[in-house]
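Presented as C-alpha cells, the chain that follows is alone, the form predicted on its own.
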Amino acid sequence: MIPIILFLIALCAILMIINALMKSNFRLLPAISALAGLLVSIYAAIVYLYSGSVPVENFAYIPYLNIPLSFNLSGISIVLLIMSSIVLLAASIAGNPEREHTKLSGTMILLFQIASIGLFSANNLFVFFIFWDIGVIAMFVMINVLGSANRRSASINFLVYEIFASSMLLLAIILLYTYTPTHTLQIGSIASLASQIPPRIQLYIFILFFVAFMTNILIYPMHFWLPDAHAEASTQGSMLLSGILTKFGGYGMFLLFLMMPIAREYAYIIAALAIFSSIWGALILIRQTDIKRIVAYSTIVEMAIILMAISSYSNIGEAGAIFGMLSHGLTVSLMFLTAGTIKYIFSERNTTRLRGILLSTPASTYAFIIAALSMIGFPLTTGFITDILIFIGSFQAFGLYALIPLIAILIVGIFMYALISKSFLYVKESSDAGAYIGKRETLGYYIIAGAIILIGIVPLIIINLLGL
C-alpha cells in the first residue's frame, strides 16, 4: 500500500512540473493528494484498530547487503501520518495567501508529503535515512526560493545543520549495520539484537543518533538554525517545518530509545537536558516581538517536553510524547498560518505595532486563540490530553523534577495572554489593514482548529492507536 501511495504522489509531483512547463491547471493536486493521504491514514487506523496490525511490506533493494525497502504502519506511525496529512492539507489550501509561486510551492508540498509518509512508515533505517533527506531538500527549497528577504542566509544555515545531522545519522547507521550480529537495518530486529553489540560501540551509536535527532527535535544547543529559518520561510514552509519536520527528529528519538538499550542508562541526563531546554526556550520567547519567532521558540519548549516524556521509559509517558507530537504539529501549524495571514493583511509581524487584529480579521484572532489554548493545555483541546499523559508518565519516572517544565508552560501561557490582549483584542485602536483573507485561509483555520478540538474532545481513537 505504501509504495503505491508514494508512487501516486510522485506522479502528482510530475504533473505539477508539467503544470509549470505547459501552463496546465493542476494547482489543486497538492490539496487532493493531502486529502487522499488523510483518508488512507484514517482507513489504516480503522484496519489497525480492528485487526491489531497492518501487514509489513518488503521489497528487495540491495540483497547482497541485506537491505530491503521495508514499510510498516504501527499505531504510532498512523497517528503521525494523520497529523502530517492534516497539516499538509491546510498548508496546500491556505498557506499561500499571497498566491505567489503556487506551482513550485505545490511541488515542494508533494515532495514533503512523500518524505513524511516514507519516514513515518519506514521499517528499515536505510529507508528512514532516504526520506529524512528528501524532507530536508524540500524544506531547503521552500526557505531558499520561496522565503523572504534574508532567505539565502537562513537556508544556508539550515542546510549546514541538516548536513551535519545527516552525516551523524549515516555514520550511526553504518556502525549499527557493522556491529549488529545479523548485519540488518530492520528496526524490529535491531531492537532485539542491539544488546549483543559491545557497550562502547553502543554508546558511540547512541551519541551519533542522539546528536542527529537533536537537530530536528530542537534541543539546546542544536536549535540555533530555527528562528532565522522560520522568520524567513514562507507561511507554508513554516507550517511544514515546525509542524512536520521537527517530528522527524521526535520520531527518530522515539525509535532510538526503542532500539538502543543503553539509552536507559542516560535517561536522567537526557531528561535534565530537556528540562533545561524547555525553561531556556520559554525565557528567550518572552523577549521576542516578531510573531513568527515567538511561535518558533514555543516549538523549542514543546519539543523539549516531548523529549522528556520519551526518555521516561513509561508507557503513559511515551504515549504522551506521540500524542504531544500530534498536538504540537496541529497547534504550531495553525499559529504559523495565522502569522502568515496577519503579515499578508497588515504587512507587519512586529507585535508591538499590531493592534486590534480582531477588527480586521476575527477568524485569524479566534484561530490564534484556539492554538494558544491548546499550547498551554486548555481542556477540550489536544494540548490538555498531551499534558496529562506526559506529566503523569514523566512523574512516574523522574518524580518532582518532571514537573519543572510546567514553569515553562506557565511562562508561555502568561506571555500568550499578554500578546493576545494587546495585539489581537485591544480594539481601541487598530492597525491599518491593506488586504483581506479569502475563503481558502478561513477553510485552513477550520481544518486545523477543528482537528485540535475534535481530537481533544474525543481522544479515545488516538489513545487506542497508541496502545493505552
Partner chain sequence: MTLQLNIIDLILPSLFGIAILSFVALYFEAKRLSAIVILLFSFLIFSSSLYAAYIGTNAMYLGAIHIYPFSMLFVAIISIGVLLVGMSAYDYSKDYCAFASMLGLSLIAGFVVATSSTLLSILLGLELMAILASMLILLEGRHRIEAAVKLFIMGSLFAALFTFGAAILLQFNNGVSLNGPISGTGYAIILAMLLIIASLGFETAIFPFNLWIPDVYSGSPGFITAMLAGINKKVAFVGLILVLFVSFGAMAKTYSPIIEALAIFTMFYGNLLALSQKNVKRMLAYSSISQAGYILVGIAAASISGLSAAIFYIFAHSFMIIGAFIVVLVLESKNIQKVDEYTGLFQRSGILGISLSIFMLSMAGIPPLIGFFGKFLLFYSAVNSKLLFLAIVGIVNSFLSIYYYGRVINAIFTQRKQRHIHIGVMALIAIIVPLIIVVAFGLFPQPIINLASIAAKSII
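Residue numbers count along the first chain shown, from 1. The term rigid core refers to the most C-alpha atoms you can superpose between the two forms while keeping them within 1.5 Å. Keep in mind the model is a prediction, meaning the values are calculated, not measured.
What comes next is about the form predicted together with the partner chain, which does not appear here.
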Location of the partner chain contact in the model of the complex, chosen stretch of 294 to 302, 250 to 258, 171 to 179, 312 to 320 [non-hydrogen atom, 4.5 Å]: 171 to 179
Residue contact check: Ser167 to the partner chain in the model of the complex, 4.5 Å heavy atom: yes
Residue contact check: Asp290 to the partner chain in the model of the complex, 4.5 Å heavy atom: no
Tyr64: touches the partner chain in the model of the complex, heavy atom cutoff 4.5 angstroms: yes
4.5 Å heavy atom contact, Thr351 and the partner chain in the model of the complex: no
Answer option from Ile286, Ile207, Ile163, Leu380, heavy atom within 4.5 Å of the partner chain in the model of the complex: Ile163
The unique member of Ile187, Val211, Ile134, Ile369 whose heavy atoms fall within 4.5 Å of the partner chain in the model of the complex: Ile134
Within 115 to 153, the residues that have a heavy atom no more than 4.5 Å from the partner chain in the model of the complex: Phe126, Phe129, Ile130, Asp133, Ile134, Ile137, Phe140, Asn144, Val145, Arg151, Arg152
Displaced residue check between the shown form and the other one: Ala13, CA, 2 Å or over, core reference: yes
Inter-Cα distance between Ala13 and Phe59 in the model of the complex, nearer or further [3 Å or more]: closer
Pair Ile9/Phe59, Cα separation in the model of the complex versus the displayed form, closer or farther by 3 angstroms or more: closer
